[in-house]
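Okay, here we've got a single chain as structure tokens, the form predicted alone, with questions on binding and movement later.
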């Protein structure tokens, strides 16, 4: 039997500590539906190879309840990863968000050309490749300027970005193209890594609230807070709070338009590998694609997650092919001191 949402929230910290401590293959824990009420849900990558010493301390049997709150475990075969992509830019695609579009709209492919150039010169990025992600939506900064909202790892190169200098292109190129410049990196929330052996129960996890950044739009660039007309989707307007069971959609540069359901909230996710080190996140939410479909894939990072009526509820940043993870939009806007246009 499930319990009340409040009962879950009251012991969520305990559940996070015990579940992550009980099994080194667990990578996410949150509050989810259980029968007609609520319980805890953990996501476990059974294919993840972990040291024998770590497995030795794991519980012999999966935990079925914590403080009388039921626990379910979803087993997958992939790690949770940040959803950026390194493509050959010449690759053909039927996804319209990858083609150069005027005016700029939500869901389009974007690239930090200067960070890519630095990575290429440092030997960290192969020749003929670029790192790309998705333009989530448009926001107004504290100084009144209009800006693109996306992830740190899309706009700011996982903390490598140079504020006021890095140029953001749409759709992206191996070299700078003035015709493609859409914006300039303005601000990002620094990603804070944790030690490699970090676990919540040890007290050595450094939690992140968001993976987010903004880039001020180039003055001459036309834009519209909407999607491509061919998508026939409601435009982003206003913000909402993610709730378990809510139907949502997103439009991103890789999988285009997808529909899903929020399956867990208050979620702790980690560790996710980033350039600064392994990062953990708390108070996130989880989405699963409807009817067995994939909700997101690499390159969809930065996509805005919308309710069926158009309220923005989150910013997509990671997934494992089955579950997708997003930061609540209110936390994003607060961290970057901006408002939705």
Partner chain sequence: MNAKQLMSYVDQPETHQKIVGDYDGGYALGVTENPPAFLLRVEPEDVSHFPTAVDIHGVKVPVVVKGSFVRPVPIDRGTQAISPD
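None of the values given here were measured: they were computed from a predicted structure. Numbering follows the first chain given and starts at 1.
From this point on, the text means the form predicted together with its partner chain, which you will not see here.
Decide whether residue 199 counts as a contact residue for its partner chain in the model of the complex under a heavy atom distance cut-off of 4.5 Å.
Contact with its partner chain, yes.
Given that the partner is absent here, does residue 132 sit within 4.5 Å of its partner chain in the model of the complex, heavy atoms only?
Contact with its partner chain, yes.
Can you tell me whether residue 311 touches its partner chain? I mean in the model of the complex, with a 4.5 angstroms heavy atom cut-off.
Residue-level check for residue 311: no, no contact with its partner chain.
Heavy atom of residue 253 within 4.5 Å of its partner chain in the model of the complex:
Yes, residue 253 lies within 4.5 Å of its partner chain in the model of the complex.
Please state whether every one of the three residues 138, 146 and 315 places a non-hydrogen atom within 4.5 angstroms of its partner chain in the model of the complex.
No, the whole trio is out of contact, none within 4.5 Å by any heavy atom.
Could you spot which one of 161, 260, 271, 236 gets a heavy atom to within 4.5 Å of its partner chain in the model of the complex?
Exactly one listed residue reaches within 4.5 Å, namely 271.
Please identify, from 169 to 177, 138 to 146, 225 to 233, 182 to 190, the stretch that has a heavy atom within 4.5 Å of its partner chain in the model of the complex.
The contacting stretch is 169 to 177.
Members of 296 to 328 lying within 4.5 angstroms of its partner chain, judged by heavy atom, in the model of the complex
If the 4.5 Å heavy-atom criterion is applied to its partner chain in the model of the complex, 296 to 328 yields 296, 297, 298, 299, 300, 301, 316, 317, 318, 319, 320, 323, 325.
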